[in-house]
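The form predicted alone is given below as one chain in structure tokens.
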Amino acid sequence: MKIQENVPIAPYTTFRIGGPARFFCTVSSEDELVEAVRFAKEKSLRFIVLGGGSNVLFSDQGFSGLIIKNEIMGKTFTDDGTLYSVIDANAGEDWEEFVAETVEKDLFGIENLSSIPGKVGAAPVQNIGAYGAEVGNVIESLRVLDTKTMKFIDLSFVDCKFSYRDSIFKHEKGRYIVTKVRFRLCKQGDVNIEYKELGKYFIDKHISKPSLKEVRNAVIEIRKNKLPDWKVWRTAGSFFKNPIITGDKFAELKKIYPDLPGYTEPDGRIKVSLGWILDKVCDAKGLTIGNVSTYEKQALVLVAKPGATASEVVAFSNELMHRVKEKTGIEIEGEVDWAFV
């Protein structure tokens, strides 16, 4: 493992924004990860573990600590003799390639999470979700480095405290570094097409019982038609979470905006479509300020032109937060991590 100095961060993120990292290294094993963290501790440096860089915004001034690029690779598929298959995937594996392989092996559970950028290790941190599925629902356990004790431990599904776009990793930032994720996927499952947009796709095509591969292909096509290609555009995808509000607040807003979409959560609260609010209420679809704009097909997504700065992205996101608060009284929360030092 080699620790480099003053390495540009921008090429390692999908926003392609950010100044230099004071220190930077790539780790390909757990031993190298331990070595990197110890280096940071010895020098009293902050450290950030970077996967695909698809959910982070770095400062224009860069990062004064150590960035650890996690490239711990490898995965194994095990038939445990039940209806399920157990897969151990290391954190550095590409998420989209992993999903594709599970579908090729006819394993059910993450096909709705196709075409999402990033690495396997980042999936549980964000508890990524799409089209009626969340990754936390198919995770059995994780192997992590506890940077407080510098020991590797296993965290169970319960330990991870998964909820909507949330997990223990967001509340104890920097403590746990994921090195391996254990998934349990069904060998004889049923596809999930309950999400309205996905269900409509198959109704329009007159397909009543889509196959696993058909669902994956549908998700890819739907996302391609409404979201920017992160390999082409400078974006982190959805910049904000869909807000979850009380039933009373939802009823109040429905009187003003009758078409506002809402989805009931298990606790009785209502998850509302922020994309709809930004588009229909705040007139923000395609809004451009300087070098930053919302995507022309989806206002929840921020895109940056070449030359855009982190400061511009922050200012633009603050403007959207202000508009939503002013029009609806809702305080929205970002999905993207801001790494400013």
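Each residue number is its position in the shown sequence, starting from 1. Just so you know, these numbers come straight off a predicted model, no measurement behind them.
Heads up, the form predicted in complex with a small molecule isn't pictured, but that's what we're talking about next.
*Asks:* Are all three residues Arg223, Phe240 and Ser273 in contact with the small molecule in the predicted complex, where contact means a non-hydrogen atom within 4.5 Å?
*Replies:* Answer is yes for this spot.
*Asks:* Within 4.5 Å, heavy atoms only, one stretch in 28-36, 298-306, 311-319, 65-73 touches the small molecule in the predicted complex. Which?
*Replies:* Only one stretch qualifies here: 298-306.
*Asks:* Consider the chain as shown here, without its partner, and state which of Tyr131, Phe183, Phe169, Trp230 has a heavy atom within 4.5 Å of the small molecule in the predicted complex.
*Replies:* Looking at the other structure, the residue within range turns out to be Tyr131.
*Asks:* Would you kindly say which of Phe152, Phe202, Tyr257, Tyr195 lies with a heavy atom within 4.5 Å of the small molecule in the predicted complex?
*Replies:* Comparing distances to the small molecule in the predicted complex, the residue within 4.5 Å is Tyr195.
*Asks:* Even though the small molecule is not shown here, does Lys161 get within 4.5 Å of it in the predicted complex, heavy atoms only?
*Replies:* Lys161: no contact with the small molecule in the predicted complex.
*Asks:* Would you classify Arg165 as touching the small molecule in the predicted complex, given a 4.5 Å non-hydrogen atom cut-off?
*Replies:* Contact with the small molecule, yes.
*Asks:* Although the small molecule is absent from this view, report whether Asp337 comes within 4.5 Å of it in the predicted complex, heavy atoms only.
*Replies:* Because no heavy atom of Asp337 falls inside 4.5 Å of the small molecule in the predicted complex, the answer is no.
*Asks:* Would Gly189 sit within 4.5 Å of the small molecule in the predicted complex, counting heavy atoms only?
*Replies:* Gly189: no, not in contact with the small molecule in the predicted complex.
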